[in-house]
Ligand code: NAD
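This document starts with one chain, in the form predicted alone, laid out as C-alpha cells.
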C-alpha cells in the first residue's frame, strides 16, 4: 500500500484494486487513475514482470493521453502477471476471471494492450460487456488489426519533421518492437517514402542500410518467426537496435528501454514514442540537450485510444481514422510549438496541455464521475 501512496498526488489514483484468484493462478492489478472526464479507458497488459508501480505509471499516462486528446474518458490500466504466450485455455481462464472480478467497477473500460488482443477483449465482452477493441464480429473496431496507433504515429512523425532538418522521403527508420504498433507504423511510414533499415523483436534485431521489406517482415511474424529470421540483412542481438544509426527511432514495445545506462548509444535525430513510458525522464532530458527531438508517448501514440473512444460512440473505421489524424496533428503541433517558444522539453509542454484540460474537467466534479470518494481496495 505504501508503494501506491508514494505515487499519489492531486490527480489520482482514485482506485487501486489487487486481484488474487488462486483457483486459476490469477494475480492482477487495476489502477483507475482519474475519471473527471469520464470512465477510464486503459489497456489490459499481460507480462511476467509487471508491477503495481508500472500499472500506476501506465494509468497516469492514459489520464494524460485521454485529456490531451480531448476525449470524454479518464485514465486507467490493468495488468495480469503471466506469460502472454501461455496455452490459450489458461490465458482465457485468467482474463475471464479478472474481468469477472471487476464486474462492478463501472469506471473502467477494458482495451487491448501488450500481451492481449481482440480475441482477449471478446472474452471480456462475454463476461461483463464493458470493453473496446473488439473483433469486427462483435461490432468493434479492431485497433491492432487496422493499425490505429501506427496510423497516428505516422501523422505525428510528419508534423514533427516540420521541426527537424530532414524530410520523410528517404528518411532512415528503426523500429524497436515489431508487434501491433511497430509493424503498422513501419508500414505507414514506408508507404509515405521512409526507408526501414532496422527492426527488433524479443528474439533479435535485423539491420540492412539498403532497406528492409516491411511486408516480408510482417509475413515472418505471422508465421511465428522472429524478424531476425529475415534473410537479407545483418542479424544482431535484441538490444543492438539502440545502436543502429538512423534519422527516426521508434520505440514500440516495453517501458524504459532507453535509460541513463544506454541513452548515449542512441544515434537518431527524431524519436517518436510509440510505446508507453519507453524513455526515462533522465534519458529524455539528455536527448533533448543533445538536440534529439522526442515526441512524448501520450501525445504520439494516442491513436489507439482515440479509436477506442470512437468505438464507444459506434463510429466506423473511416471516422475513427479521421479523428486520429486531426487530433494528433493538432496536438503535436501545439506541443512542439509551445516547447520551441518556451525553450522547454516537449514532455513538459505536453504535460501542461493535458493537465490544463484535466483540471478544467476536475473543477466541475465533486470526487469523480462514478465513485463517491477516492478509495483503495
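From a predicted model like this one, the values you see are computed outputs, not experimental measurements. Residue numbers count along the first chain shown, from 1.
Here the subject shifts to the form predicted together with the named molecule, a form of this protein not shown in this document.
Within 4.5 Å of the named molecule in the predicted complex, a heavy atom is found for every one of 149, 178 and 301. With the partner omitted from this view, the residue of 247, 127, 284, 144 that lies near the named molecule in the predicted complex is 144 [heavy atom within 4.5 Å]. 252 is the sole member of 79, 252, 156, 174 with a non-hydrogen atom lying within 4.5 angstroms of the named molecule in the predicted complex. Per the 4.5 Å heavy atom criterion, the named molecule in the predicted complex is contacted by stretch 112-120, the sole one of 159-167, 127-135, 112-120, 259-267.
Residue 37 falls outside the set of residues with a heavy atom inside 4.5 Å of the named molecule in the predicted complex. Among heavy atoms of residue 200, some come within 4.5 Å of the named molecule in the predicted complex. A residue is said to contact a partner when one of its heavy atoms sits within 4.5 Å of a partner heavy atom; residue 45 meets this definition for the named molecule in the predicted complex.
Shown alone here, residue 235 lies farther than 4.5 Å from the named molecule in the predicted complex, counting heavy atoms only.
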